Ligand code: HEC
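One chain comes next, on its own, written out as structure tokens in the form predicted on its own.
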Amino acid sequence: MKRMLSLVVTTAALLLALPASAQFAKPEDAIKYRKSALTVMGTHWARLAGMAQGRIPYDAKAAADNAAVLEVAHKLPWAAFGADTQSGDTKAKSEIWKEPAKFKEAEERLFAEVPKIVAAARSGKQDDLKAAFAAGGGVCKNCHDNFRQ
């Protein structure tokens, strides 16, 4: 698991270092990439939320492992929202491109909350995770409500 996580972190760091235009040969590639990144992010977010809400049995190691993936994954999809990726196989609303400042604000809220959730998950205490999700768990919903069909 640690080797795979190391590979994911290294790959993500390399991808983040490249300009968005260099990452995607075609708009369809960007859409596929961001959908994949959002799926990974959502999966690990949901696992942590489930533990925070008591829907999944709390496991401190699993929480820390999911937090490690979330810590990287939450940074990945944003470069793939280029101007030429508004149409195609996407659930993205046009508001992303019509209201870029509002979309950037949603991204920044996520970037502010994820480190708190990651720290809480790594604490080994379910109550810390519950508190972090109570405070910042709605950032995904906010973005979905405003920017996803």
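Here the structure is a predicted model, which is why all the values come from computation and not from measurement. The first residue of the shown sequence is 1; numbering continues from there.
A second form of this protein, the form predicted in complex with the ligand, is not displayed here; the remarks below concern that form.
For the marked spot (K35, T39 and F81), a heavy atom within 4.5 Å of the ligand in the predicted bound form is present in each of the three residues. For the residues I96, M51, V118, V69, the 4.5 Å heavy atom test against the ligand in the predicted bound form is passed only by I96.
Contact annotation: D65 falls outside 4.5 Å of the ligand in the predicted bound form, judged by heavy atom distances. At the 4.5 Å threshold, heavy atoms of A132 stay clear of the ligand in the predicted bound form, well away from it. In the predicted bound form, K91 approaches the ligand with a heavy atom inside 4.5 Å. For the stretch 110-140, the set of residues having any non-hydrogen atom within 4.5 angstroms of the ligand in the predicted bound form comprises L110, V139, C140, in sequence order.
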